[in-house]
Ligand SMILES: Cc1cc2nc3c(=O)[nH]c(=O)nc-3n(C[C@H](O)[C@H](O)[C@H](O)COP(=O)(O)OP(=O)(O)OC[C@H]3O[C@@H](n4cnc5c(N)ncnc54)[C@H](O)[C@@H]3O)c2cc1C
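The chain below stands alone and is given as structure tokens, in the form predicted on its own.
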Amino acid sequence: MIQSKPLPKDAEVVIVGGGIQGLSIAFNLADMGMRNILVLDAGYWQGGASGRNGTLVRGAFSSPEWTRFFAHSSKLWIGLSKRLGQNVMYSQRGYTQIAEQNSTAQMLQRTMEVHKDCGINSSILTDAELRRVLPALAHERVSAALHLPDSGCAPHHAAMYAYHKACEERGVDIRYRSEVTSIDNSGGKISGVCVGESRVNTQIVVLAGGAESNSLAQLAGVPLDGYPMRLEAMALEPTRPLIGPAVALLDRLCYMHQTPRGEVVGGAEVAERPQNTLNADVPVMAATAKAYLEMFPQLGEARILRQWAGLVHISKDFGPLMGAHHQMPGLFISAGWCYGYAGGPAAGELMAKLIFKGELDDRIKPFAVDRFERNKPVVEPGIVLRHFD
């Protein structure tokens, strides 16, 4: 994945960030006919959040804005292997949201109305249906369960390989271990980027750098909402099949799924301040283990195989920041992604249409970079993340 040849002198577009967001944008731009696309990433292959996530794909949330966008991305995941020409190993096994508290159950009922308006295939499961879908669940703790049959999961190594291969086949120049040290502007618009002593002339730069989004925006001399946040996950030793669909335990800020190898993978959030570190910690591991044990008692004897952390970029309303930057012509942003893996296919397609064709799709309009300046946050109650004061 590392290339030693000199950087090109010119590029039609430079994408900073080689995770799923950057590669998806690059692939879609190339597929639309753009040439001389350069992707730069300071880290190593799959070293960021695209190689450290829970691999879940959820096609709907509780707000119409999130639901319309992620429903589109979920549909793209279903056909992504054919589109990329490589198997992304997407498993359409479903996704079930579990409410324990009555207030959360009421939120799921309101969510159903949003899904109905948006044409989403979902349902509140009856007790009998829930026992068929998740027989190992501690049903006595559940007050409501909403099921999304068209959602699922895909291992990140397969999806990232597929995007990388498809980009290479279309002539995209991808460079890892290539840190952008400056983003230049001339006359108030983008004019180029530098990697050390090497300069690449370009009039279009896309920032898709995940947890480094704020630092990259500073290089461009523009403000950007949000901050880096650490998320953690762990995997249990393989066990017999217990969990069919992916699961979100909303009241515990916990998610999980079981891999084909039998490992239960997931994580939970705890009341900590955001930390910009990859170091794992015991409180998160303990919170995840507690959720597993109480909601799936059969996992009580399973040992923890591994635990890891990853960094994402979080905005004020936890929603993505997508579109042209309002203060710098030629600068485009794909940041704020706490669900960036699931949203990768849609973000790549719709951002590419904006960059290449100038078409601003209604599904990304609500997530404009300047929405907080305009007092237009997007409220989404159904995320499995903790809000900090």
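All values reported here derive from a predicted model rather than from experimental measurement. Note that residue numbering begins at 1 and tracks the sequence as displayed.
The same protein has a further form, the form predicted together with this ligand, not shown here; the description that follows concerns it.
Undergrad: Here the chain is shown alone; which of A302, V88, A233, A287 has a heavy atom within 4.5 Å of this ligand in the model of the complex?
TA: Of the listed residues, the single hit is A233.
Undergrad: I need to confirm a contact call. Of M34, L331, C338, I364, which residue comes within 4.5 Å of this ligand in the model of the complex, counting heavy atoms only?
TA: Exactly one residue meets the criterion: C338.
Undergrad: Among 132-140, 203-211, 116-124, 315-323, which stretch has residues whose heavy atoms lie within 4.5 Å of this ligand in the model of the complex?
TA: Result of the contact check: 203-211.
Undergrad: Does this ligand come within 4.5 Å of any heavy atom of G310 in the model of the complex?
TA: The answer is yes: G310 has a heavy atom within 4.5 Å of this ligand.
Undergrad: Whether Y255 contacts this ligand in the model of the complex should be assessed with a 4.5 Å heavy atom distance threshold; does it?
TA: Contact with this ligand, yes.
Undergrad: How about S178: is it within 4.5 Å of this ligand in the model of the complex, going by heavy atoms?
TA: Heavy-atom contact with this ligand at 4.5 Å: present for S178.
Undergrad: Under a 4.5 Å heavy atom criterion, is S50 part of the interface with this ligand in the model of the complex?
TA: Looking in the model of the complex, residue contacts with this ligand include S50, since a heavy atom lies within 4.5 Å.
Undergrad: Within 4.5 Å of this ligand in the model of the complex: all of A60, S74 and G382, by heavy atom?
TA: Checking in the model of the complex: none of A60, S74 and G382 is within 4.5 Å of this ligand.
Undergrad: Are there residues in 17-50 with a heavy atom within 4.5 Å of this ligand in the model of the complex, and which are they, in order?
TA: Result: G17, G18, G19, I20, Q21, G22, L40, D41, A42, G43, G48, A49, S50.
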